[in-house]
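As structure tokens, one chain now follows by itself in the form predicted on its own.
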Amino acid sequence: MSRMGKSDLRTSAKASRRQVLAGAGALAGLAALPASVRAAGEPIKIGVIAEISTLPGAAIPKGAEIAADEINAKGGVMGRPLQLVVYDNHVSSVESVRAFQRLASQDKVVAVIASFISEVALALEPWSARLKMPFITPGAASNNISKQVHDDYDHFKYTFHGWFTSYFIAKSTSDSAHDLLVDQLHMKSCVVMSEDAAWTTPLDEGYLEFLPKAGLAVLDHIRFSPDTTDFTPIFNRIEARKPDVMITGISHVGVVPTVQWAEQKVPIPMYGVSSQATSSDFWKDTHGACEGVTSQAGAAPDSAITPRTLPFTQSYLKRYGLLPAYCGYSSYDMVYVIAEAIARAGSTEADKMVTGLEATDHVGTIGRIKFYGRTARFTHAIEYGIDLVPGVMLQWQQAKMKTIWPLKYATAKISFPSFVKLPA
């Protein structure tokens, strides 16, 4: 979603099972092609650029690979197999741009799925326009990604936002807070605590707009450096305001504040966005300190948001030995969205693919996926709604991630550790 903080950079031991290709940052992420499919026609290549060394980033090519394999097993697209070409950007915008250029000029891909980091997505967007290369981010959140498409459609129309904008993350989190924190737990006040990054500026603006409407008065608004290693002063400041809950916006910090929150027995629940908490490794990484921590996400490993959610989750677990982080779900969905757009357009020509993508109406793992149109505020962003893509709230309970919202998909009730003080 934003810039990687050094203090909480997390390397996944199982980040890649692919062989490094010649050339810096390149990985052989080519989907396995059954012989019967391989012979059917020239492959349609889709580029993938991801932060392979991070928990969320590693899920991007893995989710995409499962989708490509499923599509190829059914005969590919227009009789042609899909082939993924994957690059590790090493959490660098510069390397991402180089990979994007190589994918377009040398690898001859027809579309690119790239990054969960907003700064990276924003760096790639002008190149998508310049090279007329359809580009979808499965995890970055900055409002500016789709705002640029809205403001200069003819130039930036090749970019699609395959994840929630920060605005809709704030809306989803606030909607869930109304149902869970206000209605069920009778909370009345909060402090917003977010890392200082591109994606959290509009997120916090959304929080400050939506949380009071949900019934939570905002007593303070704290932004901290992603390199923060000691959260004691921040927690002390929050405790001094005596809120019922702290609403978080954290993506590349996660382990450190969570562990310190539990060790210091901060009596205020953590609720909101904690992207690292959507990985099944988070319990182990925090040594169980994440009990009661919540995070907004797109899909849940324990709840059938759609008929595709649980089968994908099980396929991912079987193949990689862990549950997918949030952008594993969306990258899986975006491969299907691209494949269907190509079939709909009957072509891999860029402008025709844009038209095909704009007509998307796909039931994926995260919901019914449609993109906002040319005149909408968030052009080419995923449409938000309870019957479209509502988002989910996940909570760690006894070493497992549980769905606690939307209520119709919930597999558990919200609860917090004993050191947390709830309103009487």
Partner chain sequence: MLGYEIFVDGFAISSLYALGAVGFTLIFGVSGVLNLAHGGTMVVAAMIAWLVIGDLHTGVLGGALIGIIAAIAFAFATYFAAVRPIQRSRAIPKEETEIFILTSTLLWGIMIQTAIAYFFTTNPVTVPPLVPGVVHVLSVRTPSNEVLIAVLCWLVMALLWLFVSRTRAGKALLAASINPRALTLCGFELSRIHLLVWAIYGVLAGIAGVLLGTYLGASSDNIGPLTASAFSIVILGGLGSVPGSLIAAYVVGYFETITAYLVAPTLRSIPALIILVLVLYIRPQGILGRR
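Numbering follows the first chain given and starts at 1. A quick note: this is a predicted structure, and the numbers were derived from the prediction, not measured.
What comes next is about the form predicted in complex with its partner chain, which is not displayed.
Distance criterion of 4.5 Å from any heavy atom to its partner chain in the predicted bound form singles out 230 from the list 230, 349, 209, 151. Distance criterion of 4.5 Å from any heavy atom to its partner chain in the predicted bound form singles out 237 from the list 130, 237, 108, 319. Only one listed stretch (300 to 308, 326 to 334, 217 to 225, 151 to 159) carries heavy atoms within 4.5 Å of its partner chain in the predicted bound form, and that stretch is 217 to 225. Taken together, the three residues 256, 260 and 285 all come within 4.5 Å of its partner chain in the predicted bound form, as judged by their closest heavy atom. Among residues of the shown chain, residue 196 is one whose heavy atoms approach its partner chain to within 4.5 Å in the predicted bound form. Contact annotation: residue 79 falls outside 4.5 Å of its partner chain in the predicted bound form, judged by heavy atom distances. Shown alone here, residue 53 lies within 4.5 Å of its partner chain in the predicted bound form, counting heavy atoms only. Although the partner is absent here, residue 276 is a contact residue: one of its heavy atoms lies within 4.5 angstroms of its partner chain in the predicted bound form. Contacts between stretch 262 to 278 and its partner chain, counted in the predicted bound form as any heavy atom lying within 4.5 Å, involve 263, 264, 265, 266, 267, 276, listed in sequence order.
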